[in-house]
Ligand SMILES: Nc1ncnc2c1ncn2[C@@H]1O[C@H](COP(=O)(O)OP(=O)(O)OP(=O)(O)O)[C@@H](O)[C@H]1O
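The chain that follows stands alone, in the form predicted alone, written as structure tokens.
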Amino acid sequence: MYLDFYGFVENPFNITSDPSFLYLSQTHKNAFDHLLFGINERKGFILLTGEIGAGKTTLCKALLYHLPQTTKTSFVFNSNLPEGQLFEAILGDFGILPKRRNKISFLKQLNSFLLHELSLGNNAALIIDEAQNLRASTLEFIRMLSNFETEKEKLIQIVLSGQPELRDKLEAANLSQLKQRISVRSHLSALTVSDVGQYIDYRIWKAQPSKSVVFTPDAVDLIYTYSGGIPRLINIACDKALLCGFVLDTTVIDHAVAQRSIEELSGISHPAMV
């Protein structure tokens, strides 16, 4: 609705996981570097955790664009799939047509694929998003994939990305073997207030406005307080603020505009803006 008013090429605060809009705060850069290191150095299991909306999915999507072409990838977005469909999705991403729908066949086909890729000098990475939803039995089976190795290196690198409860789940006694195999760990913490201002400026710049669009420091403070530094909530607040700015015919999002936007998001009604 407001894109033409500000002259944006695209929505700067869409809540979808768009890697082209990834802002690398220090915590996101550290996590990104850990993921790259774990995969490129064939470290086996890699754990990424973060609160809801912290940017885990966006970070993992961006990772796909930065891995070398010699790294074959499988990205599982829906961790709620039944085991059989989950395994089929993994094989499908790697370009493998499942022969039979059972675990033994899955393991044989995947192992043959990984050995072939190794012979070509290639690597392989499996990224499972929202991994906290996986059943303990599925996580234990995924642990078995770490047995795919040569005497010197792992054939497949596995990124488990999920909410903090994933760490709690891995503390269970029946998953101790999996926990021991995680060699690279990273956690996405919330953005600082300074990060929030830079995050907002970065996304506005990426959207290429034809006008000067400004969020004042006190507006940024309000958005930080509302969001707790969580990118998804920042996007929601900024999107609402830009809509209010459009209605008020201003490209300066100040304290008053930000406050009104946040109050409306919180269910506090106001007279119609004119």
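Position 1 is the first residue in the sequence shown; the rest follow in order. Given the structure is predicted, the values throughout are model-derived calculations rather than measurements.
The next section is about a form of this same protein that is not shown, the form predicted together with the ligand.
- Item | Every residue of D18, F21 and P231 near the ligand in the model of the complex, heavy atom within 4.5 Å | Answer is yes for this spot.
- Task: Using heavy atoms only and a 4.5 Å cut-off, determine which of D221, E51, D239, E41 is in contact with the ligand in the model of the complex.
- Result: Looking at the other structure, the residue within range turns out to be E51.
- Taking the ligand in the model of the complex as the reference, which of K169, R203, K72, K154 has a non-hydrogen atom within 4.5 Å? Result of the distance check: R203.
- State yes or no: in the model of the complex, is some non-hydrogen atom of E130 no more than 4.5 angstroms from a non-hydrogen atom of the ligand? Residue-level check for E130: yes, a contact with the ligand.
- Quick one: does S227 come within 4.5 Å of the ligand in the model of the complex, counting heavy atoms only? Output for S227 is no: heavy atoms all beyond 4.5 Å of the ligand.
- Query: Quick one: is Q259 in contact with the ligand in the model of the complex, heavy atoms, 4.5 Å cut-off?
  - Reply: The answer is no: Q259 has no heavy atom within 4.5 Å of the ligand.
- Using the partner position in the model of the complex, report whether T138 sits within 4.5 Å of the ligand, counting heavy atoms only. Outside the cut-off, so no.
- Item | Proximity to the ligand in the model of the complex (heavy atom, within 4.5 Å), stretch among 33-41, 239-247, 213-221, 53-61 | This holds for exactly one stretch, 53-61.
- Item | Residues from 170-202 in contact with the ligand (non-hydrogen atom within 4.5 Å) in the model of the complex | Sequence-ordered list has one entry, Y199.
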